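Quick setup: one chain, the form predicted alone, written in structure tokens, and binding and motion questions come after.
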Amino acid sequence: MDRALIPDGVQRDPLWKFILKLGPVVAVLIWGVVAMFLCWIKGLNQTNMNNYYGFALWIWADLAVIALGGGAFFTGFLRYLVGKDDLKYIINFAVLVGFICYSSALLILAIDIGQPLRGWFIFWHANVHSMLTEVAFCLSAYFGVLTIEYIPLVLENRQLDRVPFFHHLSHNMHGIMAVFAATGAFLSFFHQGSLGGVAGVLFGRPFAFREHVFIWPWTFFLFTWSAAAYGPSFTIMLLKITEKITNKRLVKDNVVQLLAKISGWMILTYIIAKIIDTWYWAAVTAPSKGFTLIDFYSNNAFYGLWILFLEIVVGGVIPAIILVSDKGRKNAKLLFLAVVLGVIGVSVNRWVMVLQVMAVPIMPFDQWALYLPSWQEVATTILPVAYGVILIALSHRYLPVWPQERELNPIDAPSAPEAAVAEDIDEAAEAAPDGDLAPAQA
């Protein structure tokens, strides 16, 4: 039964080995689920959040996975609307990664509200003046778009595709996928931006405050820009990890190079804008509010000036230089280093815009508010990682995620003589009146 579900012409590990490899990941998943139910049953007293840290590890993880999942909307935008046809060989995986990231974001929010049974309040009793309401609406709607984009891939499973209804449904959905890609890009622009807008308009939080363009703080545009820039790097990073684990090439180099080049130029332009934003904030905005740059950084291990260097130079300038360079992109080790540094860079950006915002003292009698998450917070933050690994493993095993896999791994496909013999046997079986093969034919 398992073999019948695996795509034609590819090799996969025996089922027992597949289950054995996933064993540790399932154990981590169970650990996270236990912590999740503790938070739901006993409440948010299971966390180390307090009056200083109303937003903490969960919200950082939420913003980080939403930014990293930006590879789905931006790759879809490039493939269907810009016309980068080569990206059709990686778009399935980009959608899968986006589906994991956005479902994880919604799961994290369901844990964070403490009472998931009241999650519908945000839709029925919407605060129309809140950016978070717009974020919740767009997140939910875009997750629906990603689900619609993921369904055709599921329906193309070898057994499901034999059902005429499923076959025609997946084919027709592929035909109108440009509509969903455009819808996803539209929704993503607004919810990515609004997440940055929340930081930009926080009352009494000068670290996050930014000047405005009309009603939108600069962080609105920087968040959208960074998601489009770093999201494809996250997709490439997971692709390379998947290739390493499976010991197979899954996508041709020219496809990866194209996506890496686009990501590199997006990171380069974003980091230039980010440097300008940081300089203006430190030289103009902060002094106008009575602060200096060093007031926002401390000598403790969490929020020193090193974190600014890590975000902008290590996580921005270095990966941008590597990815826009032809030689850098074509060097496998440098390419992987660049995408990993990019993922770190955007994650650090979301970290400081959530946690450092809360830590900076804003009153003369305040001190730096340090925060260490409880094990329940850590477990529930790792939970989506384990869930993502399992979903990627199942999709890789049973779904045609990789259109180029058979071509790049010819050893997986039967040789020409073997294929000819198999075809002769099938024809002989069809010709035999009772369905049996003669001994010579067998």
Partner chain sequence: MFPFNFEWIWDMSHVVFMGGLWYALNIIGIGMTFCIIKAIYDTVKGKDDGHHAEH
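Numbering follows the first chain given and starts at 1. Since we're looking at a predicted model, the values are computed, not measured.
One more form of this protein should be noted, the form predicted together with its partner chain, which is absent from this view; the next part is about it.
- A residue is said to contact a partner when one of its heavy atoms sits within 4.5 Å of a partner heavy atom; H125 meets this definition for its partner chain in the predicted bound form.
- Although the partner is absent here, L187 is a contact residue: one of its heavy atoms lies within 4.5 angstroms of its partner chain in the predicted bound form.
- Its partner chain is not shown here, and in the predicted bound form it never comes within 4.5 Å of any heavy atom of G83.
- Heavy atoms of I176 reach within 4.5 Å of its partner chain in the predicted bound form, making it an interface residue.
- Across the options 256-264, 230-238, 129-137, 316-324, residues that bring heavy atoms within 4.5 Å of its partner chain in the predicted bound form belong to 129-137.
- Annotated contacts: D2, Q11 and F18 are all free of its partner chain in the predicted bound form [non-hydrogen atom within 4.5 angstroms].
- Interface residue among S298, Q356, T183, T242, judged by heavy atoms within 4.5 Å of its partner chain in the predicted bound form: T183.
- In summary, among the residues S347, S103, S170, T246, the only one with a non-hydrogen atom within 4.5 Å of its partner chain in the predicted bound form is S170.
- Contacts between 145-166 and its partner chain, taken as any heavy atom within 4.5 Å in the predicted bound form, involve V145, I148, E156, D161, P164, F165.
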